[in-house]
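One chain follows as structure tokens, the form predicted on its own.
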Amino acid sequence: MGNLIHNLLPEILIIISSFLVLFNSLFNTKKIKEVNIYISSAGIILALTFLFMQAGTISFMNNSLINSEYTKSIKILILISSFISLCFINFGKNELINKFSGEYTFLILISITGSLLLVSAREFFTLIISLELLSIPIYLITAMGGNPKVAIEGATKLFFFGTVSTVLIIFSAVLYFAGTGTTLINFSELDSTDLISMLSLFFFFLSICFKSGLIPMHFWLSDTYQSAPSNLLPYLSTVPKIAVISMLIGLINYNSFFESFSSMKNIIFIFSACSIIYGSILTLKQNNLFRLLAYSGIPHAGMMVIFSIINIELSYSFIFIYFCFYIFSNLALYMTLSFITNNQYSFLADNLKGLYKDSPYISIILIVSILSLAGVPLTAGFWGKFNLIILTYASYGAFYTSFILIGAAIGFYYYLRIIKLILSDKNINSLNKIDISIQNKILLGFCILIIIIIGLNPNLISYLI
């Protein structure tokens, strides 16, 4: 029992923090928001402390969960990004968030717990419960957007497709149990010539496509990003996607999956390549800034999924470089945009014209984060994409690599188009003066610092995590 508690201590601390926040919200005092910040921050910092103390690889709860150096590093990234997101939420001046600070923080902490468990999950029912813990709070928070009609529509679509995704993965679990007699996930035990086994794998990966925003399960992205509270987007754009994709990478590599299903490499790459190319083309057609950014996440998801078909021993440190650049670039980007507008539904990319004249500080933060997402040298994004290209070429040759290069080139174009608008002399749709608290400036500065440090010396990530 002691060993079990020790291995689950980070998750237990986050759960305790969530209920302390909920209990605190019962008291109608002026300092509810501040106390919530202290409670959630203490819970996350303690969870990080115990994570750093974990070492080695160990399976527990009858092999339903696993802790390893890989899961440890991913959880540290998730907790750091969640900590920044929560601080940003509570330091903001959104009236709705201020009114329901306790409920909002409680739901985020429950979602964080789900993401931590998901990274370690190695059994179907544990995996399904973790996915639902991660997803259900997001369904609820999405409905709390500034425009009630639009927010409820976006949350309904997200809930509908999320339910379909859950049904798919439950069906996958049933088929897997029919083929193996167990719910412990070890794909190497499946028969590669058996139709039931192939269907189990197909439905499993289709569910992953939804959770990570891959083609063809990407329908919810644009509506959700347009309607959700702008304060939620830093969390929504990073933690769920990273948790799901890291779970897929760990699960496939942990089970020596491709030794039994070598053909699945090609199937996974087809999904990834379609997401990279078609997602980039969809992004080019968008005028609404938040729809553009929502679709721009599809190629990134496709690139991250490619890590699942590369030997994890070769790509271990490179995975974290990509995850780090994606997390901190999106955190800086969406935190900055939330200061500019609370109405994502009608905010066009053209509204950024002349932003540099109105607010140089905001413009610099936006430009650095966008350059990183585009993969420009001297930013973390360059090393993330460069390493992926090198690994893919070494493993599969020029054909597979060409899809990544094409997607990166298209992404380079639409990201630089946004920067061109920011630096444009045509100062139309001028924005009001943007007021940023010192706490949020520190958060933004930290994200940009990480982007630049990794851009200058990517090897530092292996020492930090």
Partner chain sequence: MSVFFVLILPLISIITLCLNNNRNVIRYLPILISTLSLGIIFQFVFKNQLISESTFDSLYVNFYSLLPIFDVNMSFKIDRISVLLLFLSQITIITAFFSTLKIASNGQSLDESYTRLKQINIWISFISIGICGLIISSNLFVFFLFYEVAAVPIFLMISTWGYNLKREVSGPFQKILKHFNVGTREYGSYKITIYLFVASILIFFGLAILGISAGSFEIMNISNLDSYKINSNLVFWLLLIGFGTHSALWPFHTWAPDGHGTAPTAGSIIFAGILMKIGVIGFIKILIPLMNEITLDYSNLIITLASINIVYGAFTALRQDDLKYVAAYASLSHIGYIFLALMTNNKTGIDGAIFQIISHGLIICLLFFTVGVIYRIKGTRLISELNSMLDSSPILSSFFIFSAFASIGFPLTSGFVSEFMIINGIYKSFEPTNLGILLICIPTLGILLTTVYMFRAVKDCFITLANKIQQIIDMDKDEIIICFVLCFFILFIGLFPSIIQDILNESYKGLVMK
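All values reported here derive from a predicted model rather than from experimental measurement. Residue numbers count along the first chain shown, from 1.
Missing here is the form predicted in complex with the partner chain; even so, the following discussion is about that form.
Residues with any non-hydrogen atom within 4.5 angstroms of the partner chain in the predicted bound form fall in just one of 42-50, 409-417, 436-444, 56-64: 409-417.
For a residue to qualify, one of its non-hydrogen atoms must sit within 4.5 Å of the partner chain in the predicted bound form; none of L140, F159 and V167 qualifies. Checked against the partner chain in the predicted bound form, the candidates F202, F171, F386, Y278 yield a single residue with a heavy atom inside 4.5 Å, and that residue is F386. None of F124, F88, Y356, Y334 but one reaches within 4.5 angstroms of the partner chain in the predicted bound form through a heavy atom, and that residue is Y356. Contact check for I390: a heavy atom falls within 4.5 Å of the partner chain in the predicted bound form. Contact annotation: L405 falls within 4.5 Å of the partner chain in the predicted bound form, judged by heavy atom distances. A residue is said to contact a partner when one of its heavy atoms sits within 4.5 Å of a partner heavy atom; F382 meets this definition for the partner chain in the predicted bound form. The closest heavy atom approach of I136 to the partner chain in the predicted bound form falls outside 4.5 Å.
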